[in-house]
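Listed next as structure tokens is one chain, alone, in the form predicted on its own.
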């Protein structure tokens, strides 16, 4: 079987390390496990405004792609932040504050209900959290800091849009713009935090910081668990197409499905921008491999040059395949979802949020790709729409209509 396929708009390759039909491995259990999921669910389900996001069935598009079914987990309404990110960033903030407040007050860790009630704000206000972001993660950390009462400073890099910067600042965070790429901002945030005594809430890990990025990923598993409960007729999907970035979300989804379905885990395809194929290169090489260059892409949340150490422990053997897609492919998929002339309800999906679906559309449209992935008319596919129009101006420019006009024509199944 062909191992790698290269086209003008995408690259697709099978993961040489993939272990099919295997049990959830011990090294992955050390990162994400059932106990950690239970703690995350117990905390997040108490937050004001929590509700499972909808799972949409895109039946018409499934027929066009010649697959049995296509489900789309729509995260655009999560806590009114426009993306799945508060499940991770805000949960990690809450977990850090519980630990720090317990240590500073010389007693037990406060319950999440106590933090929400503001009983420890006199202690929390002296704690500073920080993070580097392309937009959504920083917004979620800032939101969590405001919700739980601590100080927040967010680092962004030079290509983050002004709209995303302002969305972070709206939650009371101080925003610092730095030269370079996302990975440069990650390093700057870590260096400054060490010097100032702040606490980093990263959505990636180089292996030195473990607890906070693990909590971020553990929070993300709730999204996957919701999807599993919402699946039509409780039938497991055969394929997941997951946007990669540093890998935190993809690893969380992979872990939750792997722990739930064991040897019947769906085939997992990682999707990332052509300019930032760190998972493509790393899995091809068999070890983490950094991608150099500007990494610039409209899929800003996925424009990352280095994989997360923690995500690597899961996806190294859990990912079936990896692919890169062009910005053009992402834009076409955004417009397709927004098209109100279609039978399926229109969906507002941002540039990074649509990447998994865009990867599916490209793969399903090519016979060689279908053969490589075992994608056929019996396949049941699940994708995660991880963000809505988090930058409305950019969305309007790409789709041709503002997001509120698109959303006005949609309805839930």
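Residue numbers count along the first chain shown, from 1. The shown structure was predicted, so the numbers you read here are calculated from the model rather than taken from an experiment.
Heads up, the form predicted in complex with a small molecule isn't pictured, but that's what we're talking about next.
In the predicted complex, the small molecule sits within 4.5 Å of a heavy atom belonging to residue 352. In the predicted complex, at least one heavy atom of residue 136 sits within 4.5 Å of a heavy atom of the small molecule. By the criterion of a heavy atom within 4.5 Å, residue 140 is excluded from the residues contacting the small molecule in the predicted complex.
At a distance threshold of 4.5 angstroms between non-hydrogen atoms, residue 276 is out of contact with the small molecule in the predicted complex. Looking at 39-47, 382-390, 340-348, 61-69, the stretch with residues near the small molecule in the predicted complex, meaning non-hydrogen atoms within 4.5 angstroms, turns out to be 382-390.
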